[in-house]
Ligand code: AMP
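The chain below stands alone and is given in structure tokens; this is the form predicted on its own.
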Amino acid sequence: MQEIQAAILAEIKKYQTIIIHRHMRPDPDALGSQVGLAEILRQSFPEKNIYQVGGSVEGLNYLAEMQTVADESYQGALVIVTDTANAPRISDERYNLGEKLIKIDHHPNDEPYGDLVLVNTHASSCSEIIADFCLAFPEELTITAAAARLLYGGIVGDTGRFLYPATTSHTFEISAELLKYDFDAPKLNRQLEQISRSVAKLSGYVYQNIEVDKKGAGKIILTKELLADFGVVDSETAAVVSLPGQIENVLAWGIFVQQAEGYYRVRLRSKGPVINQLAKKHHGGGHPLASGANAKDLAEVAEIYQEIQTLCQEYQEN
């Protein structure tokens, strides 16, 4: 790990322009790792041009905003992609226009794109990896209060407020280190936690209508019409993904969110059965207990739910 960290720092030192990407439809960890790294590099190398790019940060603009970068800026540039397992999920296709590409991630390394790859699947989040990277070179890399806020937010987001299994003693150590910096952590926690009244009402619908079988497999479908009735957009449905896990006897579940184009975005979560292999079968992937996939229609939705049921049954039997 130290060897690859040192190699990445050496590449950062070489380049005048560094452009940092993350995945589409970002969550707090995507933005925290991406812009947290950008803030660290700006402070550590003020003479360099450091940019953060990507699509909309809908609902998370209190964390960070993206920058506009011309195509010409990629010429001779170093590109770093954080928190993105697969190249097709990288936000802004221009990531491949740079001279060199670095991948930093905590998802299973099923697609090791890039010239340099730093992947730690034992980390709670990509933000934890970025913090570790910076702290490994205290004389050369400087964490600012702004960077600490972003990295802390990413860790809190991806650990579900330190409730998920990926949370380790090291996660708490890194979080404690970040809390030494001057930012309003209670305010940030409130921002990460708070939901709109529309999402609160949708949460009630999820609790009342989720289908759960005897083995603990859960399913709920959120159609375009339903979301419109509640006044909720797709990005806001992230707030309801963890809710089924609070219900007794729910073991693994899928939330199927219909997109404007008609297909379904599938959010998969589990308390035990490994679900990322299932996700890969349906144009997705992710962590063993938290993954995403896609279903082209209700027939594929039913197929995925049947697979969740099978996984739950096998898990209970073993």
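Fair warning: this is a prediction, and the values are worked out from it, not measured in the lab. Position 1 is the first residue in the sequence shown; the rest follow in order.
The following text describes the form predicted together with the named molecule, which does not appear among the structures shown.
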So which of T167, S235, N86, T142 reaches within 4.5 angstroms of the named molecule in the predicted complex, heavy atom to heavy atom? N86
Pick from A290, M66, L63, I40: which residue has any heavy atom within 4.5 angstroms of the named molecule in the predicted complex? A290
I'd like to check something about K271: if you look in the predicted complex, is any of its heavy atoms closer than or equal to 4.5 Å to a heavy atom of the named molecule? no
Answer yes if any heavy atom of G285 is within 4.5 Å of a heavy atom of the named molecule in the predicted complex; otherwise answer no. yes
Please determine whether K48 contacts the named molecule in the predicted complex, using a 4.5 Å cut-off between heavy atoms. no
With heavy atoms only and a cut-off of 4.5 Å, decide whether Q309 touches the named molecule in the predicted complex. no
With the partner removed from view, which of 66 to 74, 32 to 40, 51 to 59, 259 to 267 is the stretch that lies within 4.5 Å of the named molecule in the predicted complex, judged by heavy atom distances? 259 to 267
Taking only heavy atoms into account, state which residues of 134 to 162 are within 4.5 Å of the named molecule in the predicted complex, ordered by sequence. none
